[in-house]
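The chain below stands alone and is given in structure tokens; this is the form predicted on its own.
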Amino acid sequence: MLYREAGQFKTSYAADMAVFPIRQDRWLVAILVAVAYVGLPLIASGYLFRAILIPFLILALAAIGLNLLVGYCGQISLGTGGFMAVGAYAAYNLALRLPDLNLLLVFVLAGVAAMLVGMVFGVPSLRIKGFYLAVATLAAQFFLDWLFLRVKWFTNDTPSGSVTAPELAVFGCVIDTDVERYLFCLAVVTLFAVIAKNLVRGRIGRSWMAIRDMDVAAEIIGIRPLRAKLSAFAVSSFYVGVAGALWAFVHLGSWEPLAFDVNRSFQLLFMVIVGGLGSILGSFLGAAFITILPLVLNQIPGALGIPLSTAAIAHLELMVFGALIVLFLIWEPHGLARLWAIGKEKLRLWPFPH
């Protein structure tokens, strides 16, 4: 009875095509936005911003980008960490060599650089698919790791390979406190999430889904696989590149190439799978699951009064975290987004059983 759309009539084409056609969904989204923009900056601590909220937002943006490619277009990629590195180092060199460039434009150009690299490595998708494409994108990850580790121009010839982001300032306003960094990330992620949601509902998104479901049939009805697959790689890499620039500039501050190694690619792929393939909401849920769960597992032994060393807690955290992911995928292979959809279907009838 709580989630009941009976009586909510759509009297216009715009109402029928709304992103959230049900009134309860609009209320829920409005409450979440109000909490995110007003509530959390007032009550959250600095640790919560630095350890959970900012990493969650940036990784959610990267997961959205990967979900556009894997979930909506069906093109698997294991090179997401490398594309994040392209965005991070492109933003670093742009800010270093063009210091008068606006920070927002730096992030956009970093995304464009990652987009171009992603399109280059997306060309093999025209001839290969499945596990073979996964191996090709994994090779892109290794190549980009080697590039940023060995070619010193990208790190401004620093001996250690570690670089430091410049001061964050947009239109003369310096972004230095945790709240300001959080709100900056939140604004960027909100904008990109809205764009992605509308993109997948339009002609481009439908062509991606047609390619994902059956590429031969899609080609017969007039969809060009070249344009659809390369556009998916381009948009996905742009999102991931912007996320890489945010991760480096806003979250890390200083970093080295290992910050974007293959483990980052697998982490993002886990977020997409656990959250739900082909779902923007699933990208947020998966990022929250992968970001928050290790921190919770790390605190459980101390909360229960079990004396364990830091190393033992770290090993147990990895073991339990891996086991939970396996059990969760067995229990609900369609991800957290599917659980949310099932919950809404139950609320349509609650408290009645049928």
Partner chain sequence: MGFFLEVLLGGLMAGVLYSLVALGFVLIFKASGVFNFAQGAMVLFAALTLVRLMEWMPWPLAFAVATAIMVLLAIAIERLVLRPLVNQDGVILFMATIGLSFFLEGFGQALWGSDVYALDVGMPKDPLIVLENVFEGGVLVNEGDVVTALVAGALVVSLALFFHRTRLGRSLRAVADDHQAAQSVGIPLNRMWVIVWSISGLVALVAGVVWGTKLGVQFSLVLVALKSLPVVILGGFTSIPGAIVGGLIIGAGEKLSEVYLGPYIGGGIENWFAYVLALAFLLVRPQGLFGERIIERV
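Here the structure is a predicted model, which is why all the values come from computation and not from measurement. Positions refer to the first chain, counted from 1. Take the two forms, find the largest set of C-alpha atoms that superpose within 1.5 Å, and that set is the rigid core.
There is also a form predicted together with the partner chain; it is not shown, and the following applies to it.
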Each of F142, L269 and M319 having a non-hydrogen atom within 4.5 Å of the partner chain in the model of the complex: is that the case here? yes
Quick check on this chain: which one of V112, I204, A193, V135 has a heavy atom within 4.5 Å of the partner chain in the model of the complex? V135
Answer key: of R224, H251, K129, K197, within 4.5 Å of the partner chain in the model of the complex (heavy atoms) is K129
Hey, of 86-94, 216-224, 152-160, 240-248, which bit sits against the partner chain in the model of the complex at 4.5 Å between non-hydrogen atoms? 216-224
Answer with yes or no whether I273 is in contact with the partner chain in the model of the complex, where contact means some heavy atom within 4.5 Å. yes
I'd like to know whether W146 contacts the partner chain in the model of the complex, with contact meaning heavy atoms within 4.5 angstroms. yes
I'd like to know if L285 sits close to the partner chain in the model of the complex, meaning any non-hydrogen atom pair within 4.5 angstroms. no
Find out whether any non-hydrogen atom of I325 is located within 4.5 angstroms of the partner chain in the model of the complex, and reply yes or no. yes
Along 61-79, which positions have a non-hydrogen atom within 4.5 Å of the partner chain in the model of the complex? V70, I76, L78
After the core is matched up, is the C-alpha of W331 off by 2 Å or more between the shown form and the other one? yes
